[in-house]
Ligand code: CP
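The chain that follows stands alone, in the form predicted on its own, written as structure tokens.
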Amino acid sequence: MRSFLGRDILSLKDFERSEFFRVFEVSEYMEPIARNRKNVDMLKEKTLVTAFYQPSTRTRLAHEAAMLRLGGKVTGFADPKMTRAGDFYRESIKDTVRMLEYYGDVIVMRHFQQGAPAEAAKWASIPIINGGDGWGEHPTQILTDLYTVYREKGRIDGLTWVAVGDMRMRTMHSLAYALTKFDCPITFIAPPEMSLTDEFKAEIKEMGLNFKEAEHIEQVIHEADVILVEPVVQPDYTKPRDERKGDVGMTPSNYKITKELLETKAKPDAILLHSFPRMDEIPTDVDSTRWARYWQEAFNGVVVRMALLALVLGAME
């Protein structure tokens, strides 16, 4: 297994199977720290730089909370309009990260441009963590989801997944890449205009992913051990900010996970994940059911980021 020290976390495409389990192992070590709301001094001499060119609640704050729990410091920006990257100068990624690397020891970047974190990694001498890049990938979110499944089920291999939502999303890309390392059949369900592209299907088929597509959640929910949901009412991830006004539509029934559907069709021990924010694809009355695990998923988001920061900064090997 390769060392994580000094490593960029850009994509799950090239993650080795053993590396997933190393992240899970370190996450388990970190879990009591977060659960007991303690701060330790593991990264007391380190600083995280956040470079967020798109809005974020969970990804940015989870990384910041993770760094603070480990005793480190945080600096950075949550709105590019307040920086030279987003004003008149439109400073390049190269120039921006060449400056940011002097302000801290690791950079987490979210960007509306697919490939921007990889571009940043070309120029930075410190690790870059991809916090979501356009329609590209979102590796830390899917590591969080896999860890949640691992903790809830005790395994990943042999579980059947159903993924519902916009298949153009970066989370769906990272999920597909990750599951190529495990024995996990998956069914993708999306509106036709949001379905997997032919190019992406060819790629994941070549990588050995066992997948199929369906038109309605009711057709396959009975098979699922893990149900992962994202909205089909989506912003444009290629823009810094989507500020559409008025009615943006509601979720059609065949992409909605209701309490009635779960009670009548789902396995009693299936788990339901959602990275949030949500629209109406999971009504709030599902929150208190036996299937909902998205609040635990949110907690695990801090734990997994603690593990990644400790690994890339050399506090854990």
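What you see is a predicted model; the values in this text were computed from it and never measured. Residue numbers here begin at 1 and follow the sequence given.
Only in words, not in the display: the form predicted together with ligand CP, which the text now covers.
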| query | finding |
| --- | --- |
| Partner proximity in the model of the complex: His138 to ligand CP, non-hydrogen atom cutoff 4.5 Å | yes |
| Partner proximity in the model of the complex: Lys259 to ligand CP, non-hydrogen atom cutoff 4.5 Å | no |
| In the model of the complex, Lys46 touching ligand CP (heavy atom, 4.5 Å) | no |
| Any non-hydrogen atom of Ser253 within 4.5 angstroms of ligand CP in the model of the complex | no |
| Which of 30-38, 282-290, 64-72, 268-276 sits within 4.5 Å of ligand CP in the model of the complex, heavy atom basis | 268-276 |
| Residues within stretch 16-55 having a non-hydrogen atom within 4.5 Å of ligand CP in the model of the complex | Pro55 |
